[in-house]
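Next up: just one chain, as structure tokens, the form predicted alone.
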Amino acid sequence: MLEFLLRRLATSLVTLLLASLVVFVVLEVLPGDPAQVMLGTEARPDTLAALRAKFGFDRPAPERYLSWIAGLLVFDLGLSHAYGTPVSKLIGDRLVVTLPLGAMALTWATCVALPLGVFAASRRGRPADWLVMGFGQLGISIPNFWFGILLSLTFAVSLRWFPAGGFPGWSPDPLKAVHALVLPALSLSLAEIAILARVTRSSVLDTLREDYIRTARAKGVPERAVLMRHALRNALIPIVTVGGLLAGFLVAGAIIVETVFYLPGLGKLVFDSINNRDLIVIKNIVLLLTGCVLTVNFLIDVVYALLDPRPKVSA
């Protein structure tokens, strides 16, 4: 098992290195001069040259890439060109909003999708099954930002149960902060609920065809125990796979939702950094999101090895 996990870890590190190269190259070929964006079109040539030298824009691209990677190895993400603040502080201040938002959305998606999927599988071909499958199709089709606007209009503007946007911070009143994240988390979790419910239904249906399920029923095991203790438990591998992938992309998906609800998270920081062409911030955030996805994939491999020892033998 240790060899299996080490191979997976090495693959993740190589992938992260390749991703950093792709991110750097893509941002390098984008049109526009960051110094010109910061100083404006009326800036003098000598002022532009001084700013380019200050932030290293005048150095060759390979040298800037290696300098960036060397900084990452010692957890030095550099200084923001627009804010003049360490990038690590900017990202850390925004993660205290984005990570709880993603955790709330994932918790909500898991608590709703798993019972829905098992419920639909237990009533295959009946109206209840069609209703769940229809909800799944609808949830996948609706953009989360549009759903967020509907939630805001209904529960914030009309009913006034929740704030329409903004974030009060964690220190004054944590409950008020959680209250402000409810609507964004619901908006972010819609597609995840739909996908996870459909996957759960399919996986449980496949498990219900197994011989040990028929044996359990023949022994008089209650149907609820058959579904939850035998079927769902043995159907977890594909569910964990999809759930892990969704968890990895929740942070990235939160960018649009944060913009809709005007939350000071990574989404707002990415939006402002693109407008200011603050490349160092964009590079680090994109690489952070890539690292989140790879970390979740590695954790999925660990869960695989715990749920079923067979994958680690053949991997």
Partner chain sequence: MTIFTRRGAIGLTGAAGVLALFGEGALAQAPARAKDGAVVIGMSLEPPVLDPNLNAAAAVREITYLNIYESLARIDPRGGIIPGLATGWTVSPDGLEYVFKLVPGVKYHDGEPCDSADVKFTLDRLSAPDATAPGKSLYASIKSVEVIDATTVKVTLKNPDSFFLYNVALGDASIMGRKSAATNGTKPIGTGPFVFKERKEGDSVTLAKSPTYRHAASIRLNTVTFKFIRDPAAQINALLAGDVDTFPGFQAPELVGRVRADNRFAVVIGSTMGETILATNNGRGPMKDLRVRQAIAHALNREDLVAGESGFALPIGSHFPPHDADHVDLTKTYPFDIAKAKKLLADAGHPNGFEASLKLPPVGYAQRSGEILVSQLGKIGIKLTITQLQWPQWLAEVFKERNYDFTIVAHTEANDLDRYARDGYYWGYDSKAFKDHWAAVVRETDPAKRAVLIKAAQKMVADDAVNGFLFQLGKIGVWNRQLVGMWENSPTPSIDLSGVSWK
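Positions refer to the first chain, counted from 1. Because the structure is a prediction, the values reported are computed rather than measured.
The same protein has a further form, the form predicted together with its partner chain, not shown here; the description that follows concerns it.
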So which of 226-234, 77-85, 191-199, 107-115 is the stretch with heavy atoms within 4.5 Å of its partner chain in the predicted complex?
-> 77-85
Are all three residues 149, 165 and 262 in contact with its partner chain in the predicted complex, where contact means a non-hydrogen atom within 4.5 Å?
-> yes
Would residue 124 count as touching its partner chain in the predicted complex under a 4.5 Å heavy atom rule?
-> no
Contact label in the predicted complex: residue 57 to its partner chain, heavy atom within 4.5 Å = no
Report whether the minimum heavy atom distance between residue 89 and its partner chain in the predicted complex is within 4.5 Å.
-> yes
Contact between residue 274 and its partner chain in the predicted complex at 4.5 Å, heavy atoms?
-> yes
Single option in 288, 26, 50, 69 placed near its partner chain in the predicted complex, where near means a heavy atom within 4.5 Å = 50
